[in-house]
Each structure stands twice: as C-alpha cells, then as structure tokens.
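Heads up, the chain below is alone and in the form predicted alone; it's given as structure tokens.
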Amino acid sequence: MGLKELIYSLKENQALLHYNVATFEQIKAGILAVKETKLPLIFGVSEGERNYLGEDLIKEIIDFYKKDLPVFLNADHSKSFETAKKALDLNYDAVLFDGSEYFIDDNIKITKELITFREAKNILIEGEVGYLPGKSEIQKEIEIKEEYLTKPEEALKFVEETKVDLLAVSIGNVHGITATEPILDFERGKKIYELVKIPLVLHGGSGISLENLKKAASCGFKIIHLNTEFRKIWKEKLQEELKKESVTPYKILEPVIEEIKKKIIYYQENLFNFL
C-alpha cells in the first residue's frame, strides 16, 4: 500500500508517526520498531539531516527495507524549490515544501511549480501555511503571536490553488520542547480540516501530551511529527552509556537504539489507537 492510500485508509482517531532521523542508530531503532509492531512509520529528513546522511543514501536505505516493511521517507522542511526538486528527483515518498516564511502568493507559486514538476509520479507533496516558531531543541518559553496561526481562509485558498496532498498548519504548536506544553487551538484545526478536506500534518509534536496528540488526530491531523523528543532520548541515553568502561561501539550504542525503539513503539501503537 502506498503512503497516500495508507493515509486515506486511517480511521477518524488514527494518525501516522513521522519520526526524524540523522544517525544510523536512529534509523535502526525505527526499523526494529516496525519489524516488531508491523505498524507503518514515516522517516523524516530535513535539509540538514539530508545533507548529513546523504540524501541519496538515506533513500537507498529506506528502499532496502521497504521491500518487506511499511516504511516511508519524507523530505521534511524543504525551504526552496531546488531542495524539494532534488527529493522529487530521488523519488522520495513525500516532500514538504516549507514556504511558511514566504508571502502567501509566493508560497502558492512555488508549491504549484513543484506540483507541475512532479507530473505523474506517486509522490505526495505537502504544503505549509502559517508559521511555527522555535527549533528542534530544548528551549525556554516561546511566544505564540496571533499572526503565526494559520488563517482558515488562507489555508483554503492555498489548497484550492495548489492542489497539494497534505497541509501543515499552525494552531499553537512549536518546534522543539518548551518548559510548558503548548496550548493548541483545536477548533481552528477542525475548521481548517472541514474547509480544505485533505489530511493535515501536525509539526512540533514533541512536548505535547499523548492525550492532545490523539485529540489532534481526531481533528484531521493524520501525520504527527516528533523529532526533539527522540533527539533528547538519543543524547541522554548515549551520555549514560559513555560513562561505562566499554569502548566497543555496538555495546555502547545498542542500549541507545533500544531506548529509542521503545518510544517509537509507544507512539506507533497509541497514535494508531490499537491499544
């Protein structure tokens, strides 16, 4: 089953986990989780992560496992036509053109060009309307200004003119983990979903309670992005293991992989609502 068919087969209260990776250990943890659960997983790689891993190498790795497992690859937060085009050339499963820092008309123009360039390829294109502050790190409080939030009428205009497959929106979510949980405007999310009638994507899921992630899923968010939470697990467990006497890499790294794997499974099962 392709990614588009999978997304549209989800029940009202189900969502897919989108999990960003930048190291082999993170990739291995995701693959082991999918092998154990048999549940799908979207691997995400931002521009920085693609540059670090090699955008063609990560595609080959996921393709290798895709023969037997429900795994998918998304070119996350492509900030320009050129970087998004590279991912389309490599036949990623999905590509996000993040035009949230552009004026809406410029965002629409570039997204339409990508849709045209894609032609008949079976690749999902995600657009983004509204602005998410923060970065994928542990941070202090982040101010959410009213102008950051996605305007439902702008979301509708964007989807009607671009014909994107997925839409990322801002409803109070932020990139990274802050001291207190972000307050999400679920009513805004519901209204946008009712207007655009395509699956929504929630970026900045780290630091949001499972209860609220499930609530987002029921409001039309069919993909939930988690990055910083897994980065935090990776660093803290690695620091713990490095204090031990062993200098054998796999003995140091295997517990890190296991710790990440357990958290992936937790979100896979809960967001799929199978527990």
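Start at 1 with the first residue shown and count on from there. Source: prediction; values computed, not measured.
Same protein, other form: the form predicted together with 1,3-dihydroxyacetonephosphate (13P), not shown, and the subject of what follows.
Residue contact check for Leu114: none of its heavy atoms lie within 4.5 Å of 1,3-dihydroxyacetonephosphate (13P) in the model of the complex. Using a 4.5 Å cutoff between non-hydrogen atoms, Thr162 does not count as a contact of 1,3-dihydroxyacetonephosphate (13P) in the model of the complex. None of the heavy atoms of Gln26 is located within 4.5 Å of 1,3-dihydroxyacetonephosphate (13P) in the model of the complex. Taking the partner from elsewhere, Val174 is found to have a heavy atom lying within 4.5 Å of 1,3-dihydroxyacetonephosphate (13P) in the model of the complex. Comparing 215-223, 60-68, 202-210, 234-242 against 1,3-dihydroxyacetonephosphate (13P) in the model of the complex, the single stretch with non-hydrogen atoms within 4.5 angstroms of it is 202-210. Contacts of stretch 55-91 with 1,3-dihydroxyacetonephosphate (13P) in the model of the complex, defined by any heavy atom lying within 4.5 Å, are made by Asp76, His77, listed in sequence order.
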